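So this first bit is one chain, no partners, the form predicted alone, shown in structure tokens.
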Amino acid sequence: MAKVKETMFVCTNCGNEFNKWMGQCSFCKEWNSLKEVKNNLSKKAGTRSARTEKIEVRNLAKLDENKERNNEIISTTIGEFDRVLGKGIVRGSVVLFSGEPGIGKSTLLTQLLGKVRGLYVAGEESPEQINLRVKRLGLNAKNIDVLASNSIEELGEVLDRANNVFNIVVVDSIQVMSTENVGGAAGSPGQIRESTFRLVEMAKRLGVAIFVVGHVTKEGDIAGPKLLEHMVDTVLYFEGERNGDLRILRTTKNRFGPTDEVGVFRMEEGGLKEVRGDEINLVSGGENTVGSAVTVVLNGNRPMMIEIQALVVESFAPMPKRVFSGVDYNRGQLLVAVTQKVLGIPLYKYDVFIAVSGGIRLDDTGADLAVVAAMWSSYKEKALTKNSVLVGEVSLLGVVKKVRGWEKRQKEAQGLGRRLIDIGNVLELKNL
């Protein structure tokens, strides 16, 4: 029998394994992503027994014999959280909860434990630090138990002894957890993969919902192997500008609910407060001012009226500045080029600054027309039509296309006393 190597190489991007190091992963085509890890199979390798044994079939269940339990879904009593998950937390599910540092992940999950009886696995903080946060948020400390440990095996022993006392378990974070089954330091691809596998097994076996906090890279991707996202049931992103007060909770994967819903929260001194649709108003005033344009974007299925501000000033540098806050840089550059070409504005000698109110990041192309209109207004020193709302995707030729959810956007604009303007080309902005 061939000898099993003691080490192997794992791609940190996609999680595929290789026997030797390569500069590029042959699966995901990522460069320099292979890391050497200890091969756990090397200790278990040996000759296979020739005798046959009777195989006992376990964990075999017929769907028609399984009746839905009344307590299968746990309501968090946090409306925005329940909407994103579907109807609530499904027992036995594993949720990957990710976001940038300092965005409020631990705060929101601590508030969740304050509503639902649960266990907080503190891998990065001490129980004293968590107790201070609980007091600051005004939560009932009796609902929260803290386990200060980085060991998956110790967590498994606690959950086995608890005998279904906990409804949910928060693991903060997966990058600091480790298991004895795999060599290497905590946070390595092998440790993250095996630790997550053990957590998924615990959740299914014990029927407890587990929230796994995951770090993100500077590019905004979840740290660790891509396999991590495939192993869990739900992937949640918590995002927003750290200097702003609004936070957006969205899902990119959900086996038990929709993936097009978002939850909106506002960061306050006493923690995160959920924001209803009628409470979201990111428009500064009743009238349009020079350099501003109002649009309605869809965050999931929720319409939100926001204000886009532009500042176009003459540049005295060899290379004019392009600064975009809340707008994708490449998308912003494209809209600047379209504005210069179609509207005839010499932006090649002007600095352009674009900002979105409320710290919202624009992923909706329906805001393209408002971005162009704001630049036009700032350059011409002329305010747009009073109470106008501009929605539309701008093509490379300056054609304005209608976007999805037009009726929802129109209803949102009318509800706030504004009028949705329908134009077919950015040249019509000259008439506003």
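All figures in this text were calculated on a predicted structure; none of them were measured in a lab. Heads up: residue numbers just count along the shown sequence, starting at 1.
Below, we refer to the form predicted together with a small molecule, which is not included among the displayed structures.
**Message:** So if I measure heavy atom distances to the small molecule in the predicted complex, which of the stretches 134-142, 358-366, 300-308, 147-155 falls within 4.5 Å?
**Reply:** Stretch 134-142 is the one.
**Asked** With the partner left out of view, is Glu100 within 4.5 angstroms of the small molecule in the predicted complex by any non-hydrogen atom?
**Response** Within the cut-off, so yes.
**Request:** Indicate whether the small molecule has at least one heavy atom within 4.5 Å of a heavy atom of Glu268 in the predicted complex.
**Result:** Glu268: yes, in contact with the small molecule in the predicted complex.
**Asked** Could you tell me if His215 has a non-hydrogen atom within 4.5 Å of the small molecule in the predicted complex?
**Response** The answer is yes: His215 has a heavy atom within 4.5 Å of the small molecule.
**Message:** Can you tell me if Gly184 lies within 4.5 angstroms of the small molecule in the predicted complex, counting non-hydrogen atoms only?
**Reply:** No - in the predicted complex, heavy atoms of Gly184 and the small molecule never come within 4.5 Å of each other.
**Request:** Tell me, out of Gly326, Gly332, Gly104, Gly123, which residue has a non-hydrogen atom within 4.5 angstroms of the small molecule in the predicted complex.
**Result:** Spelling it out, the residue with a heavy atom inside the cut-off is Gly104.
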